[in-house]
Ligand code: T6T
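A single chain, nothing else alongside it, follows as structure tokens in the form predicted on its own.
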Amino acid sequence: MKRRSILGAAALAALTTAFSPVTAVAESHSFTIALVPGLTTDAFYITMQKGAQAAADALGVELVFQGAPDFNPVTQVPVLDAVIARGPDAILIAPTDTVQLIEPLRKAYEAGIPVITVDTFIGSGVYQTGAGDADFPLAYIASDNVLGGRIAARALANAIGGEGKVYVSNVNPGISTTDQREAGFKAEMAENFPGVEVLETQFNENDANNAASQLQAVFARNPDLKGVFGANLFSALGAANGVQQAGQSGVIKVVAFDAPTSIVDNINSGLVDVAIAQHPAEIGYYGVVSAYAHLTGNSIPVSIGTGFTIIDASNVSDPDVAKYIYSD
């Protein structure tokens, strides 16, 4: 099952109208575009890099991919400073914190380097309004994370029969995407599934081992636990491992946000019931295209929504679905 936000489709249509890759290549501009991921070792961002590189190759620009090995503003900011010092023509970045990356990114803006945020955002993620201290990026390109959280809630509620205790395994507060997924999940449960009790969120600091231990601790306190929503890759895989270690595979249902290659075995074994795959290659591709469009004097949408695909045991072997499993 595939879904794309109306906003995303409209934004991409507008971008296509404003910019023609064929024309751009003919103009033979030479630009360097930097992509700073949330971290370099995650299959999600590796797949995003591949999409960005495909666009860069088509447009004849240089793509620089430089990031930190962990999802942390403390390690991302020095990388960003080094990228700014290189003076690229544009920066695409997945900020690791909505607040702590504002001033570091302002350095790029004040240096005349256009900034586009991908996957995650700073401030509210609503840019170019003339209000607030974080509206200077040109655009935000990402999945609809609130809707993704709502779909995760529906999937988990259906898997547990519409009643029982569940919780969210999340990373840290202050990360735009996972904050939104949790908010969408909780809103959907509250509005449409009154029989489901959502327990306190567990924050694992993006550590799968922590997520596994937390699952077992929550289960010890709540032996009637029915399900868990992993709000990102490490949260989901860690929680799923915790379910297995607790001897509750198939009993405690797991819905995972993100779809690395390991998700196939987890779905086929029944450890994970549903995975929500984003389309990171699209995010990277449209990030480069948007940056190039701006650099060649074209207007671009302020917000571009990309799609995602729902993967479960019924479709995980379908090639049209399997292509959305992230590269590693």
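In this text the structure is predicted, and so the values were computed from the model without any measurement. Don't overthink the numbering: it's just position in the shown sequence, from 1.
Keep in mind that the form predicted together with this ligand is missing from the display, and what follows is about it.
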query: This ligand contact in the predicted bound form: residue 273, any heavy atom under 4.5 Å; finding: no
query: is_contact(residue 119, this ligand) in the predicted bound form, heavy atom dist at most 4.5 Å; finding: yes
query: Non-hydrogen atom contact residue 219 with this ligand in the predicted bound form at 4.5 angstroms; finding: no
query: This ligand contact at residue 45 in the predicted bound form, heavy atom, 4.5 Å; finding: yes
query: Heavy atom within 4.5 Å of this ligand in the predicted bound form - the one residue of 180, 232, 76, 214 that qualifies; finding: 232
query: Region of this chain that lies against this ligand in the predicted bound form, out of 125 to 133, 247 to 255, 196 to 204, 232 to 240 [heavy atom, 4.5 Å]; finding: 232 to 240
query: Neighbours of this ligand in the predicted bound form among 60 to 87 [non-hydrogen atom within 4.5 angstroms]; finding: 71
